[in-house]
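Taking the form predicted on its own, here's one chain by itself in structure tokens.
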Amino acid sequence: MSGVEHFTTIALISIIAFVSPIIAEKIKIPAVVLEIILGMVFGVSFLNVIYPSEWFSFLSLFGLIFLMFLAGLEIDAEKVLKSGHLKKVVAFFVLSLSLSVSFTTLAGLSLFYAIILTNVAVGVVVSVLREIGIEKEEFGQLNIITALVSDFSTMFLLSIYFLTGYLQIAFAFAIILVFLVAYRFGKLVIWHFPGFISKWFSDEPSEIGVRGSLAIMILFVGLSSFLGVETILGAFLAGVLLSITFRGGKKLYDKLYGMGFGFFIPIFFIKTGSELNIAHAGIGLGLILLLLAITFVVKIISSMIFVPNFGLRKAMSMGLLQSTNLSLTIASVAIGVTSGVISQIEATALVSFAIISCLLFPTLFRLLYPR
């Protein structure tokens, strides 16, 4: 790879990462969707001016790890546990998973697809609810909690799915044990050294909070890699650990989100788009339509659990909003291709499905939700 190609790739990634959120805000679509689309435009599908390299692959992998870390950081365990609808939320996920397994089995698809179709794009759900000003209402909060539970459960199921033996599954539970021990240790540190912990959330030049958070993330990722477990599980658990241990550290979270979504995570989505071949989307059109149909039916049927609470129309609109897929689906696709679980054609179809779901279902939600 020549110096010119290096410069071209670096320049394009920088420009795409900068302009994507600006344009996305204007046209009312998630920024990550636009990053993938622009990656496709400048990647192998069209212009083919984003060139692969070791540093590009490393930054993309780190972006994926950071994405899963921040996904864990978004989990508000206290809010989930205090929800008066927690039993129904869990029932919603269990029913969604059961229906997904049934429909995908009938369609001749693997369990990987069933797990994917139960996932919900939490970021998209929150953004749509904020746009219409109902994120603080009971209906809005229930949507967010349902999405969080689905996201966490899907994350864990996918991590187990990618494991190849009983020993690795045991190691996955060992990581959870480490997570619980680390949580208890964190509580003891907060109790005995409150002055030190307060520095994590201050504006000190050393940025001890950012350094400590990244150290925790890398330790969990390293432990996952050492035990042969998917690194995304370690990154996700590290995020959850920080979330439940230091709930309310807004300054620290803002810095971490700035690092992640300001630099590393866009690289992952741009690289994902640059490697997708649009010709494969045409071949996989039937699969895309099938996945859209299955997720629509699964989530609409599951949402009927909430009819006694909100009525038929609101419950159906909730089903539509819970049908969105994005970050975790695309992350799983990247791992699925690497591990040989899915082909490149299937990967393109799944990413296309995720993008379409983020454009289609929130639009239908806005039309159906009673104002």
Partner chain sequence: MTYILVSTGDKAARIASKLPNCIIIDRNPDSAKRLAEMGFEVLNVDASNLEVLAKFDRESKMILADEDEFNLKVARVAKMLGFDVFVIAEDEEKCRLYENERISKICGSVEALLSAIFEKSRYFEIKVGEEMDGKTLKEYDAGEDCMVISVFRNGKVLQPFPELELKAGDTLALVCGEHVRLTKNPFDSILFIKSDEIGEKEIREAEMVAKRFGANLIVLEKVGDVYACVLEGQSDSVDLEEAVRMLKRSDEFDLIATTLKEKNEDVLKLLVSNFPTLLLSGKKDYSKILVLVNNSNPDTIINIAKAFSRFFGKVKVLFLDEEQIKHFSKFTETDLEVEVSRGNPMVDAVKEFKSGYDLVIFSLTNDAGNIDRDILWKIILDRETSVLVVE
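Numbering follows the first chain given and starts at 1. It should be emphasised that the depicted structure is a prediction, and the values quoted were computed from it without experimental measurement.
The discussion below concerns the form predicted in complex with its partner chain, not included here.
Undergrad: Tell me which of 86 to 94, 187 to 195, 255 to 263, 224 to 232 has residues with heavy atoms within 4.5 angstroms of its partner chain in the model of the complex?
TA: Flagged stretch: 187 to 195.
Undergrad: Are any of the heavy atoms in Glu78 no more than 4.5 Å from a heavy atom of its partner chain in the model of the complex?
TA: Heavy-atom contact with its partner chain at 4.5 Å: present for Glu78.
Undergrad: State yes or no: in the model of the complex, is some non-hydrogen atom of Phe179 no more than 4.5 angstroms from a non-hydrogen atom of its partner chain?
TA: No - in the model of the complex, heavy atoms of Phe179 and its partner chain never come within 4.5 Å of each other.
Undergrad: Any of the heavy atoms of Gly249 lying within 4.5 Å of its partner chain in the model of the complex?
TA: Contact check for Gly249: yes, within 4.5 Å of its partner chain in the model of the complex.
Undergrad: Is there a heavy atom of Lys82 lying 4.5 Å or less from a heavy atom of its partner chain in the model of the complex?
TA: Looking in the model of the complex, residue contacts with its partner chain include Lys82, since a heavy atom lies within 4.5 Å.
Undergrad: Check for me: heavy atom within 4.5 Å of its partner chain in the model of the complex, for each of Tyr183, Phe201 and Thr245, yes or no.
TA: Checked in the model of the complex: all three residues contact its partner chain.
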